[in-house]
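One chain follows as structure tokens, the form predicted alone.
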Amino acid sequence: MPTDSPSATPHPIISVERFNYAYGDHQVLFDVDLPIRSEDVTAFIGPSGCGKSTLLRSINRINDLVDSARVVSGTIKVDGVDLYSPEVDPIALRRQIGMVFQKYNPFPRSIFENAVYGLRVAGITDKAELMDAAERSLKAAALWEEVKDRLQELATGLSGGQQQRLCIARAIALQPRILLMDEPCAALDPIATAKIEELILSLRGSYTFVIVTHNMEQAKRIADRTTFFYKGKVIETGDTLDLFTKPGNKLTEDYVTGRLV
């Protein structure tokens, strides 16, 4: 059974309940129960292939784009709404639950057009509104001062760290409630990684962050809470400091001390 502290359970914004997920006949998540609290930074850790990214991508249903992916049973709810209900529009859902990927992926367009891409898709065409949104999101992503004089330049000309911050700006331009990040620093150098971590910490409280990371030191630095996955199951979830310093499960202890890989 997963272990947790009593403080985790009241009023989660995301509730994963008895969630089982598969790619074709290959099941990758098993009876996942996990509350994720509003405005926290929650980190998912665990060995490669343990289901972290699959669960992350299930929260905004981007896994719907994989033909073989399917929910076997169980639910994921946001504020009590079942995200896999037939009444839920996945495209509208993704406007409320943004996603940032491991490999920064700006479109081959200008910095400005990248920042407002989601708004254009949503049908917004007013130039003043788009400019305000671009400035707001680029400032929130700590990028405005670096690019304000070259908004019409190609985004692909930015450094890797700048491109990743632009992708974060693109996600938050739609003012989502939740931001999912799948190893957002894996392709970055230490300096760019530090800037992304500083950005996440500066936005803490404005969004609910769920972050997959293989870097346990990163989880310690930025996460309020951490969840350890192993072989498709949640082994333990709790306050980050507690999970790393006094884990309640032997598997967790072995993983965070490097004895389990």
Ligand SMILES: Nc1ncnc2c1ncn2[C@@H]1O[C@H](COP(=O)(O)OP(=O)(O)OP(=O)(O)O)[C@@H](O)[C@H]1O
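Small disclaimer: the values here were computed from a predicted structure and weren't measured. One rule holds for the numbers: they count along the sequence shown, beginning at 1.
Separately, the form predicted together with the named molecule exists; it is not shown, and the next lines address it.
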- prompt: Is there a heavy atom of residue 225 no more than 4.5 Å from a heavy atom of the named molecule in the predicted complex?
  reply: no
message: Does any part of residue 194 reach within 4.5 Å of the named molecule in the predicted complex? Heavy atoms only, please.
response: no
- request: Although the named molecule is absent from this view, report whether residue 66 comes within 4.5 Å of it in the predicted complex, heavy atoms only.
  value: yes
- prompt: Can any non-hydrogen atom of residue 28 be found within 4.5 angstroms of the named molecule in the predicted complex?
  reply: yes
- prompt: Heavy atoms within 4.5 Å of the named molecule in the predicted complex: which of the stretches 47 to 55, 217 to 225, 32 to 40, 195 to 203 has them?
  reply: 47 to 55
query: If we check the named molecule in the predicted complex, which of the residues in 162 to 188 reach within 4.5 angstroms of it by a non-hydrogen atom?
result: 183
